[in-house]
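Take a look at this single chain, the form predicted on its own, given in structure tokens.
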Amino acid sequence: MLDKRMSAADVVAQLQDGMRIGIGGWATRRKPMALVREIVRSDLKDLTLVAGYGGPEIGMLCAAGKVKKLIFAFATLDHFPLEPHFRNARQAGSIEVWELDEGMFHWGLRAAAMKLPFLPTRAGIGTDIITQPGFKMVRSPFEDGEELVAMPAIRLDVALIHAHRSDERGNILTLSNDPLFDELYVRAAEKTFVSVEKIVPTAQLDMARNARFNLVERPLITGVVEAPYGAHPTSAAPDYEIDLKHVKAYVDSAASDDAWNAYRTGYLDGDEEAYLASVGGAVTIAALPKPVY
């Protein structure tokens, strides 16, 4: 039986400087933050980060000096509209950016997932987005002859996503009503690593109701990491909600270099066990109230 269980450190050991890494989830929902924190602790650098529907993973990796280029559509913490460390990096010009319309980003991922070089779209026409390098126009071969944007495939070396459950063989279960775009990240990538709240026997995956069992075929999953509360401070509902108190502490860390260094020392420099203890532990996280949007 193929056993795909591994640690977060095992995952990071398979990453290399300069890789193009896609991170799933949506803003403050189901981000693989335990894996992101492990990258922060590593010596990795010069990454191209593909996080179109971005949240704290963007800012955290920018603040840690891991990002050379960012491919994105937005970067938000929902209750805090603009991700603050992303703002700092963008305004300082310390990262390269390829900014896309949300529809264009979706189409780029989908093209890569379908193993196509591009997909045609009307998104971006009439905007400055398509004046950036990397775009070409194509004309419909049919009678209409419409000119469209050729959105290039956004291929990934590695995808990182967070799910609720898996078995040891890489069958992935999400309990959220919305699977987000995680499937496309997986299909667009050469390798995929998944952090999960719990690794369980396969039979328990079959028993779950209203769940998305086997989000993608298990041969597409390279490794699974059991990381309880591994999406914190983002939500992994219904298991737990967003930790707005900690998100506020993270936002405040963008005020200065000293504030970031204090946040990093207090929350990131230890292992995941130390991190969870520093934010109140399992009981506190499990009791987080559902936020009002």
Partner chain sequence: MTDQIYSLAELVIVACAEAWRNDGEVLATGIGPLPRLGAGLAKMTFNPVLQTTDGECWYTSEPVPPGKRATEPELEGLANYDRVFSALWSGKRHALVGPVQMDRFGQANISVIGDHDRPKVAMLGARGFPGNSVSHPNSFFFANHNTRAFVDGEVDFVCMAGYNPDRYVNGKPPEGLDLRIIVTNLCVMDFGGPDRRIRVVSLHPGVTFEEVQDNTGFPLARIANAIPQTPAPTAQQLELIARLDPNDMRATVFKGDPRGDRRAA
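Numbering follows the first chain given and starts at 1. Bear in mind that the values here come from a model prediction, so they are computed numbers and not experimental data.
There is another form of this protein, the form predicted in complex with its partner chain, and it is not shown here; the text below is about that form.
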query: Region of this chain that lies against its partner chain in the predicted bound form, out of 60 to 68, 249 to 257, 39 to 47, 25 to 33 [heavy atom, 4.5 Å]; finding: 25 to 33
query: Its partner chain in the predicted bound form: contacted by all of 186, 243 and 267, heavy atom 4.5 Å; finding: no
query: Contact flag, residue 103 vs its partner chain in the predicted bound form, heavy atom cut 4.5 Å; finding: yes
query: Contact label in the predicted bound form: residue 99 to its partner chain, heavy atom within 4.5 Å; finding: yes
query: Heavy atom of residue 206 within 4.5 Å of its partner chain in the predicted bound form; finding: no
query: Exercise: residue 79 in contact with its partner chain in the predicted bound form, heavy atom 4.5 Å; finding: no
query: The single option of 93, 141, 117, 201 touching its partner chain in the predicted bound form, heavy atom within 4.5 Å; finding: 93
query: Position in contact with its partner chain when the complex is considered in the predicted bound form, options 75, 109, 159, 151, heavy atoms within 4.5 Å; finding: 75
query: Within 4.5 Å of its partner chain in the predicted bound form: residues from 260 to 290 (heavy atom criterion); finding: 290
